[in-house]
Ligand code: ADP
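Quick setup: one chain, the form predicted on its own, written in structure tokens, and binding and motion questions come after.
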């Protein structure tokens, strides 16, 4: 049997328990959980995994930490350090002729200046900016649903790095491209007839050298590697080689790597060694700001009421939001009319008609599932994953507020749960809305859509 926890461990655990209700769940997981604590002579020394976490703690959490220490029974001086990360001089690339960069070019429109921030993407934006400025930790993984800006931030990192050091070799690669490049190398081995060890290694070395000679690797959609064992093995060794040489890696995934079926444990572990940040669907105000930014980029005038109208009816992704604006803009151009609210309603009438409905439980479940990029059946399942539990609680709270159904009826529609589960879910969401600004904005955004 394991021995009792040390007093130091008990103290830090107590401090964490004091902090947890005061921070949004994502911020607690991102900034507090990775800290390593040492208590000695009245000094609480916290070691952060990187400068980004250290700087956030110093700017946002020191007073909360001190208060939590006092409530845990000790007055402790709090000091926050970060672990040094090896750096590499770009001039130290492998000798000889470097191979062409793998992948495709950076998209010129995907810059930090063109990215509209809000409560649901601010942490990811800050982390990406920090990487671009300091190359201070590795790897950075940005995860979230389709069309929320993950790829935009990845390209923005690349652009910012090249502004400071034009000689850097920055490669943007989609996971499909990595897989195809690896399979192409294998086909060359087979076609050449060099089945001996030295011949095969020489051909595969070309593939390895192409990826391992980059200074920064931007790899999109890691989830596409799932189930492809040999490609994952090459990916794992490529990550190791780059990280050991202090080169920057930025990746995206549609969910947390541990939730991707078919990703190997060692790959998941390697991806989790850096910082993982989430992007969620934008709230109402951010969606309106995105529409206005899109209009400005097109040198068009979009009134605020039009931007808000589009934002209220398009909520699943930034990509769909931009598509809706382009529809309005196109109708304006075709008719030679300025963009105004009647024209926007005409352009989007089919979508508006689909949400102008009597609110039902099924529609609430579909809306919430679409918003959080999960399936409606997940809300009715027995899953206890964080990515499912919170949307389920939000859906229950919305059902309680926007329908006349009884608590038992609501519980039954969520997988046969009893009325006490619904009560607890409603109460939990009410409590979180008072302390978690992001969740409060999500709830208001969903409620505003239902109210249309």
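Keep in mind it's a predicted model, so treat the numbers as computed, not measured. Positions refer to the first chain, counted from 1.
Same protein, other form: the form predicted in complex with the named molecule, not shown, and the subject of what follows.
A single residue from the set 127, 368, 318, 328 has any heavy atom within 4.5 angstroms of the named molecule in the model of the complex; that residue is 318.
Between the named molecule and the residues 378, 259, 322, 363, the one pair within 4.5 Å by heavy atoms in the model of the complex involves 322. Look at 114 to 122, 334 to 342, 229 to 237, 300 to 308: in the model of the complex, residues with non-hydrogen atoms within 4.5 angstroms of the named molecule sit in 114 to 122. Remark: residue 182 does not count among the residues lining the named molecule in the model of the complex, judged by a heavy atom distance of 4.5 Å or less. Taking the partner from elsewhere, residue 290 is found to have a heavy atom lying within 4.5 Å of the named molecule in the model of the complex.
Contact check for residue 147: a non-hydrogen atom falls within 4.5 Å of the named molecule in the model of the complex. Remark: residue 152 counts among the residues lining the named molecule in the model of the complex, judged by a heavy atom distance of 4.5 Å or less. If you take 229 to 260 and check each residue for a heavy atom within 4.5 Å of the named molecule in the model of the complex, you get nothing at all.
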